[in-house]
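In structure tokens, the next block holds one chain alone, the form predicted alone.
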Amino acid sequence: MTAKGKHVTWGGRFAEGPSDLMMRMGESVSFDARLATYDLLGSAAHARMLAHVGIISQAEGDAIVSGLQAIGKAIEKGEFSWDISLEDVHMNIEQALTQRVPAAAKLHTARSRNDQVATDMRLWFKDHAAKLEAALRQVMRALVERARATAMVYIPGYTHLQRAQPVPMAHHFLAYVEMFERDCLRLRDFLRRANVCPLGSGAIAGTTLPIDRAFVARELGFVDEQGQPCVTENSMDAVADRDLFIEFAQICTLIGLHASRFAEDSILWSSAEFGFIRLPDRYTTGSSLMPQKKNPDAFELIRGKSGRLCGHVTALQTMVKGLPLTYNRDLQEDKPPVFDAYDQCELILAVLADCILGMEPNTERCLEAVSDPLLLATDVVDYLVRKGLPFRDAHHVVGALVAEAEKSGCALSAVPLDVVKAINPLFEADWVEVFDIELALARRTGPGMPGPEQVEKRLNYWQALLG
């Protein structure tokens, strides 16, 4: 009987089934059907374990596994009918399996939907964390390619959105490579925590039946680097914990924030006021009114979607903050934020990689902007420091020199030598050499600095690492 009569999983003690509104409220198959592949894998491993320990016969186990494989093929072909009256992906598959294989009535032995879904999600997390890292690598490759092409294109670096000091455009691109690499490391660290099998925890307190949790863990690939099975150590925590959900959403959010910052830089750089880059037509749009417009829509959408990702973290944290142990139905709402976080993050990264490959520097505008002598005011301070003047005094002297240039209406590098020497006698005729941008960058030889030697070294490192 369906949920309108005796419910297939828990209806024995109820006089009537749930109302239509309750079924609409309680169903999750509309979003958890995407777990079908992982549910089939988990059920097959559980069936093999039941046969392995003798709870069901080998023939029954084989029949169940064959039936699960047949359902998997039907789902792949789009021939499987999902029924919301059966609530979720687990019961839809179990009902279909029972109709095909009578022994399937034994499949749920020593298992609850609580540890079943926890296992499904850990399998999903392992798979999709690896996919996200692959997408991040594509973005990083695109950034390194653009960095290689712009190693000799110089731009002002900014603090407070004010021109600060000159850097190669490549150094700017490589800053984002560093950010995305940290995201990759977070995903790998996350995978270590996801790689633990909760199946066998039951609803809350395991089972009295002689199951073999290590067998299932091996079957599903929950093993460490030495091939040893990894299983959860507390049945209550295994079914109640949602740390992985929050952590995955947080990682997606950090990826989105990094992408959003790059998007903001690109929006500024492509504006008429900056003009440092030209964006590819395929990721821009026009205006329905103003024919001259070329709007950076892809980057604006990336920036907007990053806020959506932040919201998913807030939703998950708010959902679990006051829940008592162990399972509560609130936790059904854990999947939509995680699924959407992955979907949006994957889309952001795919678009970002292609956008980066399509952007072109406007070298004339970059040269014009970086030719501002004020960008090398700190190098003038260093000039005086090399002559023995304490840094604080040198900073004050150059501040006075900048004020003099502004008062005279000339460039900093054009202040006459006699005026410069009047401000401080340590200045010599060679002080103007400070404003040679190639020389200024060449002096930045320390690790992490934007000098050509260090930029080249970092480019080679990333190209070797990323392939």
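These numbers come from a predicted model, not from an experiment. Throughout, we count residues from 1 along the sequence that is shown.
In what follows, reference is made to the form predicted in complex with a small molecule, a form of this protein that is not presented.
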Only one of these stretches, 111-119, 178-186, 264-272, 298-306, has heavy atoms within 4.5 Å of the small molecule in the predicted bound form; which one is it?
111-119
Exactly one residue in Phe339, Tyr327, Tyr158, Phe80 has a non-hydrogen atom within 4.5 Å of the small molecule in the predicted bound form; which is it?
Tyr327
Identify, from the list Gln332, Asn362, Thr284, Gln317, the residue with a heavy atom within 4.5 Å of the small molecule in the predicted bound form.
Gln332
Any chance Asp32 has a heavy atom within 4.5 Å of the small molecule in the predicted bound form?
yes
Can you tell me if Ser28 lies within 4.5 angstroms of the small molecule in the predicted bound form, counting non-hydrogen atoms only?
yes
Can His172 be called a contact residue for the small molecule in the predicted bound form at 4.5 Å between heavy atoms?
no
Going by a heavy atom distance of 4.5 Å, is His258 a contact of the small molecule in the predicted bound form?
no
